[in-house]
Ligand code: SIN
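Have a look below at one chain only, the form predicted alone, in structure tokens format.
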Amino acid sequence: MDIRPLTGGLGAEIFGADIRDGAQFEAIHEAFAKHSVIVLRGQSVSPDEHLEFARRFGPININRFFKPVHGYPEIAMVLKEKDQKDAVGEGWHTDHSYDQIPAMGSILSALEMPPYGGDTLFVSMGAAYDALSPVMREFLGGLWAVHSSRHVFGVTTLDSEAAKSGRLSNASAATQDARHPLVITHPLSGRRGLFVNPVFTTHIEGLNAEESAAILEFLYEHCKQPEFQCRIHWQAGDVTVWDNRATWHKAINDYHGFRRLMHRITVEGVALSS
């Protein structure tokens, strides 16, 4: 197994691994804990093999809103057809931050990729936190933020291309609201990191609307710095695992006219603490 870091602060490629082999899981999990995002090249797994690997991380979270793979309700289909313009997940976000217990992470299997484009970007929230001044870290450490699914998956989105095409559905189930510490202690690594994101975070508790918006906008622009990022260039057969408690991610929608098909499994997490 050859583990190659993608950047100085986030992400790694793994060559020569086989996620079907349970004996390799400890080494894979260690790489996941260290790098937060790992892309395992050349896997080409079936849905059953995908699920078996995911269950080694923990219980499966069945997504409420994505169209499931036929016969596999635990696997969400991440699809953009060649004639569709919008890709799901184009904004910087953290999956399931709107849940009371956010998901540990996701495991995405690449089935059909465009000839170019369709990459995924990730941000290290630990690196972004570390780069803040001590005074700012102290100020943020006492704050809580509210996250919601309503404005992203709810009834106001029924006119979106993703909803009309059936890629997203069940808008009436978008009733989740949750509050989490703005700065968390990562349950696996113990590292401190920011836990807000532009898509699902609605406001910071205890601040007025203008103060909350200003602090969040500052943090979002701070986190987008390239020094905190890594980029996954996908190939069919790849499997990528990322930690939702340690990262943001976003899909790059730059492959118009081509089909992109992936299967995603989300793994349950634990309650977050400051």
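Only a predicted model underlies this, so the values are computations on that prediction, with no experimental measurement involved. The first residue of the sequence shown is number 1, and the count goes up from there.
As for the form predicted together with this ligand, it is not shown, yet the points below apply to it.
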| query | finding |
| --- | --- |
| 4.5 Å heavy atom contact with this ligand in the predicted bound form for all of Val78, His93 and Trp242 | yes |
| Candidate stretches 130-138, 85-93, 172-180, 145-153 - the one whose heavy atoms come within 4.5 Å of this ligand in the predicted bound form | 85-93 |
| Touches this ligand in the predicted bound form: Thr201 (any heavy atom, 4.5 Å) | no |
| Contact label in the predicted bound form: Ala251 to this ligand, heavy atom within 4.5 Å | yes |
| Contact of Leu108 with this ligand in the predicted bound form (heavy atom, 4.5 Å) | yes |
| Any residue of 112-138 that, in the predicted bound form, places a heavy atom within 4.5 Å of this ligand | Thr120 |
